[in-house]
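Next up: just one chain, as structure tokens, the form predicted on its own.
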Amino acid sequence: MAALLLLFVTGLSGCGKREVVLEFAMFNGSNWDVAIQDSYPPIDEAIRKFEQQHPGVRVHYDSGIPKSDYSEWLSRKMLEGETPDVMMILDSDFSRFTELGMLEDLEELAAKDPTFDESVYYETALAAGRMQGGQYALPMETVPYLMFVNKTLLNQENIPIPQEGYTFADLYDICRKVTKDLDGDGIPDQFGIYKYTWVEAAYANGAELFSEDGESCDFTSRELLGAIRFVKSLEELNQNQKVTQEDFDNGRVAFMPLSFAEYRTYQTYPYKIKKYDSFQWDCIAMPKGPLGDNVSIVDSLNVGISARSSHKELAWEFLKLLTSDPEIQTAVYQYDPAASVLPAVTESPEASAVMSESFQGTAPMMDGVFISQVIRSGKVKPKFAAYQEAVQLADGEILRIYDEDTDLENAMRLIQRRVQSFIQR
């Protein structure tokens, strides 16, 4: 679920009174690009509660805007001078809107509100709305990345599922054991891992790729070099065979990173009958590097207030309701395949009941306490505008390192210069 909150005041004359109309535009579906049955109930509940708390205020939203059209739609609104007072912000738009001065820094509104308590949120979720020293958004949903584990395959190989605190070495050992030639043609057709990249390994090994402001990068640290060597060693186990999505879907791969949203979607009815139904599976934390910890990337869906809004206090009240009200956050957890941004909700009996009901009697390995632990220990991706392109630039160069017999340290010094030049353009 994701939504845009278009808040503007329309003067309506009726018995001498002016009615405040909060226009709420919403794109349909999940922010996490997975299928969901209905994304509207949490918003409808928030609107009902907000209108009840604010007599004379009416909230209206337009439905049916797909996420794929949302960024263009919102940008057009801004160009036409119809910038919404409150808006859900896609990750791809956050830094741009902040740098253009479109988003209000929420620090002042928070400081003068005695009812606001930022400690009720996960710190990692709050961090997703920070940039350039300001808090430009609050989180509404949060999703950590986890490690998928094919329990059926590991059971067949008499290998136990990795325990809490497992390491790069533990993961490598399991991948080495399961990588096999099953049909006797001399080519491996069962593999250890799929889609695990140097980026995930870098986070888990304590690497800091960029400064917070995006002005500098570090692609020569021993943490990053260790992460790249580890991922390359995993690739070498495959003996030049390309592991594919089909291999994974057919149960021939032991591990793959995926988001908590994918976990909740594909472990639950009816989607579990369509995907990964030929084997039993669950999720665990990411492996720990020798210089790091069991750290996952954590993404959040942000909500911000327009810097141009003339109704910032009202917008702030709605923003707080969406993001910090336990009742609304419980509805978010129930209808959207994400975690609540409030530990008190994610760890609650109500959230456990939602998980148990949706899993149709299949007991998951994880519970709310585990998810909270993953979120709390997670890392947020940098928010500067060129981040994604800079990572893609580095990725192309690092992939060549995997394929070539080259000196890693020299290659990374070259990548350092290229990426540094790119982000300073």
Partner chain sequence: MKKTIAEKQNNLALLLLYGVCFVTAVSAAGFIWITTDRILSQYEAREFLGTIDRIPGDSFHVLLWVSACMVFLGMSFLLRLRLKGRGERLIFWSLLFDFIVGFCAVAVLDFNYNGILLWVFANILVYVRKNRLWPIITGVGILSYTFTGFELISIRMRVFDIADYIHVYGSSTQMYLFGVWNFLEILTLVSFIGCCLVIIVNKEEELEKTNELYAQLAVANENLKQANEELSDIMEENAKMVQVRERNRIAREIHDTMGHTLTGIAAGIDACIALSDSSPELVKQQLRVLSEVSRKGIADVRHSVNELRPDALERLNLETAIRQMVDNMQQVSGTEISFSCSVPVLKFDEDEEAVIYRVIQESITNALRHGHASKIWIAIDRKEWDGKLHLSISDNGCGCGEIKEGFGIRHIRERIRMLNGKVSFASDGGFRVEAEIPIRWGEEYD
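Numbering follows the first chain given and starts at 1. From a predicted model like this one, the values you see are computed outputs, not experimental measurements.
We do not show the form predicted in complex with its partner chain, though everything after this point is about it.
- The partner is absent here, but in the predicted bound form a heavy atom of Glu72, alone among Asp185, Glu72, Glu215, Glu118, sits within 4.5 Å of its partner chain.
- The partner is absent here; in the predicted bound form, the one residue of Met355, Leu109, Met78, Ile161 having a heavy atom within 4.5 Å of its partner chain is Met78.
- Judged by heavy atoms within 4.5 Å of its partner chain in the predicted bound form, the contact stretch among the candidates 91-99, 330-338, 255-263, 175-183 is 91-99.
- Under a 4.5 angstroms non-hydrogen atom cutoff, its partner chain in the predicted bound form lacks Lys195 among its neighbouring residues.
- Taking the partner from elsewhere, Arg308 is found to have a heavy atom lying within 4.5 Å of its partner chain in the predicted bound form.
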